[in-house]
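Take a look at this single chain in structure tokens; it is the form predicted on its own.
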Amino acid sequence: MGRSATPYILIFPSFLLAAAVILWPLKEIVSLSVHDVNRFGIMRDFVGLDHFRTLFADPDFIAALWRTLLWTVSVVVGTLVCSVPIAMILNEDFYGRGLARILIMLPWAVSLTMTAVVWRWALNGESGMLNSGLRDLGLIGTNIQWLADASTAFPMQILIGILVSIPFTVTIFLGGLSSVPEDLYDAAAIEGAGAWDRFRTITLPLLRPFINIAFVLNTIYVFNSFPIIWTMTQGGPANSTDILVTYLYKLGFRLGRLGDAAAVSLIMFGILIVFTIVYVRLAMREEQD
């Protein structure tokens, strides 16, 4: 047995298991998407790409597709922008740092569904905590129907999406910041570099690999995120907060259109595959340069 073949033999069982877990469901979804399927999952005639044509003729699907892109970009960018300064503060040595880290990480231990339930109560248009607080401060005179109005429901869900994504992202950045040698900052301080210069020339370049990891993982995670939007509004009012994953759920489990739901799954899978390939190639090219 050649030594060069040993790594491939060792990872083969894991590869086989991963292939079974991923490829078999993928094959079933592809099969569902090209057949006429009744609501009990029984496949009948082969229909080719009819389910895809139906989807792209549906304005609700197009709206959900664009809203998914807005949701993903807003949450991921907002999370990265907020997490960098938080991680830098938590990386400093100050009294109570351990407690501060626990408080930042604590929401990570709570399920997304429970978090969404709490926020749904807080944003209740009649008895919600947010309306009560704003009225006490004299900022509003009448209650705002946060989740019953399309103009406020989706922005509030984006804000909550950012809040729940921060603990995970801060954890990644703290790992990156702990690997930056303090000598670099001391040398920069001796040269007269200010705080912004140290961040721009030392922290940001050395943190970039961790930002790339957080960007890719958060994008995949947020793109497929279901609990927040479903628990708070179930895609309402009038489908105005639907993203692809909630639209898919409605097609499959409310309307019984399993063929269309399978087609949505494949479209989502394709979008994430293309995004991952493009981003990884760009990141590799940047590292080579």
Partner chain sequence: MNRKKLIRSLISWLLLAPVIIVVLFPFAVMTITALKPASEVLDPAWWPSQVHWQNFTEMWQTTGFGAALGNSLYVSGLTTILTILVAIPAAYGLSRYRFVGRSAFRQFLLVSQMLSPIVLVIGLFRLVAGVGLIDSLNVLVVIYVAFNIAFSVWMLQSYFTTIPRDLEEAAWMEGAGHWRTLVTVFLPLAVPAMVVTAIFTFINAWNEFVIALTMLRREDSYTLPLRVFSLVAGRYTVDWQYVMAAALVASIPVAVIFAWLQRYLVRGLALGAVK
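Residue numbers count along the first chain shown, from 1. Predicted model only: the values in this text are computed from it and were never measured. Between two forms, the rigid core is the largest collection of C-alphas that superpose within 1.5 Å.
In what follows, reference is made to the form predicted together with its partner chain, a form of this protein that is not presented.
**Student:** In the predicted complex, which of the stretches 196-204, 183-191, 116-124, 70-78 has residues with heavy atoms within 4.5 Å of its partner chain?
**Tutor:** Within 4.5 Å of the partner lies stretch 116-124.
**Student:** Do all of 66, 139 and 282 end up near its partner chain in the predicted complex, with near meaning a heavy atom within 4.5 Å?
**Tutor:** No.
**Student:** May I ask you to state whether residue 55 is within 4.5 Å of its partner chain in the predicted complex, using heavy atom distances?
**Tutor:** Outside the cut-off, so no.
**Student:** Does residue 50 reach its partner chain in the predicted complex, with heavy atoms at most 4.5 Å apart?
**Tutor:** Heavy-atom contact with its partner chain at 4.5 Å: absent for residue 50.
**Student:** Heavy atom to heavy atom, is residue 155 within 4.5 Å of its partner chain in the predicted complex?
**Tutor:** Contact check for residue 155: no, nothing within 4.5 Å of its partner chain in the predicted complex.
**Student:** Hey, in the predicted complex, is residue 215 touching its partner chain, heavy atoms inside 4.5 Å?
**Tutor:** Looking in the predicted complex, residue contacts with its partner chain do not include residue 215, since no heavy atom lies within 4.5 Å.
**Student:** In sequence order, which positions of 17-36 have a non-hydrogen atom within 4.5 Å of its partner chain in the predicted complex?
**Tutor:** Sequence-ordered list: 17, 18, 19, 20, 21, 22, 23, 24, 25, 26, 28, 29, 32.
**Student:** When the two forms are laid on each other by their rigid core, does residue 21 show a Cα shift of 2 Å or more between this form and the one not shown?
**Tutor:** Indeed, residue 21 is displaced by 2 Å or more.
**Student:** Using the core for the fit, does the CA position of residue 278 change by 2 Å or more between this form and the one not shown?
**Tutor:** After core superposition, the displacement of the residue 278 C-alpha between this form and the one not shown stays below 2 Å, so no.
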